[in-house]
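In the form predicted on its own, a lone chain appears below as structure tokens.
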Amino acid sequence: MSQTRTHDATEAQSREVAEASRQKEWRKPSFMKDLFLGDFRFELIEPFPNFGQPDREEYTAFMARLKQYFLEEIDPLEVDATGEFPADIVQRLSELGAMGMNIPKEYGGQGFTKSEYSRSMGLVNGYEGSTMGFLSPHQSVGVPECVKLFGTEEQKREYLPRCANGEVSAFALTEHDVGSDPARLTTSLTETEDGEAWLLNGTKLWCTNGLVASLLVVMARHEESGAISAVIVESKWPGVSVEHRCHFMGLSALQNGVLKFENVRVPKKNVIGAPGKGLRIALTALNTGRLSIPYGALSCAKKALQVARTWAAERKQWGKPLGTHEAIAHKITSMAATVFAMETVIDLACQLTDQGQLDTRIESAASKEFNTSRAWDILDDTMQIRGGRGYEKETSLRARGERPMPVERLMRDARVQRIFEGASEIMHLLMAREAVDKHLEVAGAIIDPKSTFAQKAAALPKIAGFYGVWYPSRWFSLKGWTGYGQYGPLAGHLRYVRRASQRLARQAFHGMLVYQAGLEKRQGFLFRWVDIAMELYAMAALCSRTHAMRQANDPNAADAAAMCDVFCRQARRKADRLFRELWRNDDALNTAMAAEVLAGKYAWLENGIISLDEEEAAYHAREAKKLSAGFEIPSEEMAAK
């Protein structure tokens, strides 16, 4: 019987594990990495990749079948109310080919590109979110993606066809005390006496698809070495059990649970990639796998825009349509321009990933963070525009004769997108770490507290040689004031991006000088720095797409130019504010007060409520009262059922 254990790790150890797991090489150019360094390489994303290319007939036909299936056989209100999918959903999705979208054709899948797959997930999520919560982890971070990227040919032949044909896959990393800090991982692998297998012991939390998956990718720590490996586990094997089904604020049909592994024998051939490379595998799979999340967020934002636009045009307030009042009109304008930016940002990231000519790890994270945060803002504005009807459930609206519009359900389902596959804070830290890679390569010895005096001294010539040229060049750019004339009305925005990227690079250098090794703890500084870069990325992407539409005489080109201009104006104001707040802020004051709040100094603010402790005590008292009143104590067998 396995026991619950804890694996304590110091801050330094956690950092070392995370650093060892990231991909260190930059074998290809990266648009956003260069943007952070003050090099605005617009040519990397212009012309907009694959713009105007028609969808493959095979993909178009698939999307039509998928849409028809959902409209005819999936009632999103029923799924939300019951928390259950139709009994035959896996079979039907398999027949449609939806279980193998990411799997190459030679292994029985559809062989979709990242763009095609992610757009499919967007279609699904805009209609019924739980289904995307089931389909996406199955193939974007589960067995299909991990085995496709790192598995042996034997593993591919054995497992990929099974996943394409309807065997559900899951990904098991999180534990009760382990979220984004893998150094604390406790699930263990112990070599068997015969040396042919590992014994897996531990418990995994929030394993999406864990209740129905037959194939699992499990991250576990080797008892002997402490290294972490990714192993394929079949749920039918002895020792694998589902301990609990988790229920959430939204995505009510999510098949998410707590899984327990007790002396599960895992053949050594089921290790994915090299032993000890599990976290590297997980992070790499997430880099591309998380591209479906921004499309899901985009679909929610599009549906919200449709609701807001329709209602604001229909609803009369004080003698004229709601949307003509300035306060609401400004929201509608911002929502429309932002949806255009969201679509462009994720389209660009997917197309660049499919082309394979650039390293898109930062673009992937930026798309996820940008789209999920903006989708939430748009949903919040839609709720405000819709008013009480937005807060009312669709079933209630329909029952009293009004058209149901999915605002309340969309909000519940969409909120987790800022947490799934890397929370917003983790996305910021990930981008910040990748963005300073060049600086650490050049000046790491100076800011590393472990470096000796001799090591610091030896690094000085290299530092002087690099920054002696690099830093002055971040101040002067004729193109930032007079360039990009061939882009017409877009030129001003492109010049701004170029100047701002150089300013962004200078601020990073100044931050390193001021904070040195403490920069990694200055999350207020780093988060603002990353937020500026995301605004610049979105602006550049929009200008590239808008220009492509004009060049192609797209019928919507004029509308695109108008929305591009609106978004870029808003983005410039936000970036300028963030630049000011890099150095003029209340970060130190807020951090100090937070420590006092955590210590209980301001607990008096919580007076006047029924406290958490009182609620818990009352619950147990009520349960005891029920038993003392003659309720039969359930047997162990009944309790288990």
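The numbering used is simple: start at 1 and walk along the sequence shown. Because the structure is a prediction, the values reported are computed rather than measured.
The same protein also exists as the form predicted in complex with a small molecule; that form is not shown, yet it is the one meant from here on.
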Discussion item. I need to confirm a contact call. Of 134, 340, 376, 420, which residue comes within 4.5 Å of the small molecule in the predicted complex, counting heavy atoms only?
Written reply: 420
Response to the item:
Students should find that, of 350, 168, 143, 172, the residue having a non-hydrogen atom no more than 4.5 angstroms from the small molecule in the predicted complex is 172
Worksheet item: Does any heavy atom of residue 477 come within 4.5 Å of a heavy atom of the small molecule in the predicted complex?
Response: no
Worksheet item: Is the gap between residue 501 and the small molecule in the predicted complex 4.5 Å or less for some heavy atom pair?
Response: no
Practice prompt. Tell me, yes or no, whether residue 429 is in contact with the small molecule in the predicted complex, where a contact means a heavy atom of each within 4.5 Å.
Written response: yes
Worksheet item: Quick one: does residue 416 come within 4.5 Å of the small molecule in the predicted complex, counting heavy atoms only?
Response: yes
Worksheet, complete the sentence: Partner contact check in the predicted complex: of 329-337, 73-81, 356-364, 250-258, the stretch with a heavy atom within 4.5 Å of the small molecule is 250-258
